[in-house]
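Here's a solo chain for you in structure tokens, the form predicted alone.
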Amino acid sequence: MGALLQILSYGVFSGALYGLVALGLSLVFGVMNYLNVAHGALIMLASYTVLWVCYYLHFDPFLSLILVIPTFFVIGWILFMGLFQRLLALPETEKLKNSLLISFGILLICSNAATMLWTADERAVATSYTGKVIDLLGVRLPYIGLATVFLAIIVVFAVHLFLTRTYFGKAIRAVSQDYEAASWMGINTSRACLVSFAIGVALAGFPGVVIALQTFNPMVSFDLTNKALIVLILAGVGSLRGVLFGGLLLGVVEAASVFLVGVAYREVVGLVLFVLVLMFRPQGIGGRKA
């Protein structure tokens, strides 16, 4: 029983990370119908940025967010203005296809550029609390895992409050529901899309910190993108409230599969869950039928 609880606790920690990974992707897709598969590469670049800030400026990884988040907000702003803004005038299906092609190109460029700059060696940020755990009734809970869960809850709650309690957040929600009707009501739809895209990219900084505290390399981009897409479907397209629950579900199912059938089938079980949700609840956990 103790071994099962230990494995499930690791599933919760992984699930919280998956929720953070999918949050920015879900925001961008929900508002603009852009499938930004480069989000995993942006998270990878955020991890290298955290590594650089910690090494040269001697910041704590979590404290480095005060520099990483604004930096990636600006990167998101530049990417939108340079590559994605022109897609707003396209029909919804064309938006999806063209954003997929553009972002896939960004994914390949970022991954290969990172390999050239930093090689394919594994990197990690070491801190005074790396490897430290809390023993709770025989279950060992690492400090970094607990911090990941708290960070995921705080970030998801903060984004939810921003979208539901602020004027600009409500404008973004209006654009996500009906782009044309929102423009008729006087909302600056282009600015709403620009800011929401920049926020979505900035959100890559949060999982970037957690991944920097683990081992990572440029190829982690592809794995992170896969996880984000799976969680996006589990949560329901555009459902920010369901992202954390979708991530936790995926993490716990993967952890349980390690205990029951072995680590070799961990990724397979996650993909099976993905297919089952598409078959029997295509609107996802937090989504509703149209």
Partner chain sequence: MKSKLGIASFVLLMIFAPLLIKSEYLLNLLILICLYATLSHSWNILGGYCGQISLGHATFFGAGALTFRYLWLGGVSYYLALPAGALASLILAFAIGFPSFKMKGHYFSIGTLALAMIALITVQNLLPGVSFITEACLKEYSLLTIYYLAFGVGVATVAAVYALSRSKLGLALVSVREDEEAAEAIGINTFKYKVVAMSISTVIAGFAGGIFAFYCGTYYHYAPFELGWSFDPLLIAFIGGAGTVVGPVVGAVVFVLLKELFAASLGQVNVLIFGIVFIVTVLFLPKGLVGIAGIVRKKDRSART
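Given the structure is predicted, the values throughout are model-derived calculations rather than measurements. By rigid core we mean the largest C-alpha set that fits within 1.5 Å across both forms. Positions refer to the first chain, counted from 1.
Here the subject shifts to the form predicted together with its partner chain, a form of this protein not shown in this document.
A.B. asks: Choose one stretch from 40-48, 247-255, 222-230, 55-63: the one whose residues place a heavy atom within 4.5 angstroms of its partner chain in the predicted complex.
C.D. replies: Flagged stretch: 222-230.
A.B. asks: How about Gly131: is it within 4.5 Å of its partner chain in the predicted complex, going by heavy atoms?
C.D. replies: No, Gly131 stays farther than 4.5 Å from its partner chain in the predicted complex.
A.B. asks: Do Arg191 and its partner chain come within 4.5 Å of each other in the predicted complex, heavy atoms counted?
C.D. replies: Result no; Arg191 lies far from its partner chain in the predicted complex.
A.B. asks: Answer yes if any heavy atom of Leu136 is within 4.5 Å of a heavy atom of its partner chain in the predicted complex; otherwise answer no.
C.D. replies: So Leu136 does not count as contacting its partner chain.
A.B. asks: For Val74, is any heavy atom within 4.5 Å of its partner chain in the predicted complex, or not?
C.D. replies: Val74 lies outside the contact set for its partner chain.
A.B. asks: Is it the case that Ala3, Ala147 and His160 all touch its partner chain in the predicted complex, with a non-hydrogen atom of each within 4.5 angstroms?
C.D. replies: Per the other structure, none of Ala3, Ala147 and His160 touch its partner chain.
A.B. asks: Can you work out which of Ile78, Leu101, Ala124, Ile153 has a heavy atom no more than 4.5 Å from its partner chain in the predicted complex?
C.D. replies: Looking at Ile78, Leu101, Ala124, Ile153 one by one, just Leu101 meets the 4.5 Å heavy-atom criterion.
A.B. asks: For the stretch 255-276, return the residues whose heavy atoms include at least one within 4.5 Å of its partner chain in the predicted complex, in the order they occur.
C.D. replies: Contacting residues: Ala264, Tyr265, Glu267, Val268, Leu271, Val272, Phe274, Val275.
A.B. asks: Following rigid core alignment, is the displacement of the Val277 C-alpha between the shown form and the other one equal to or greater than 2 angstroms?
C.D. replies: Val277 C-alpha, core-superposed: shift of 2 Å or more.
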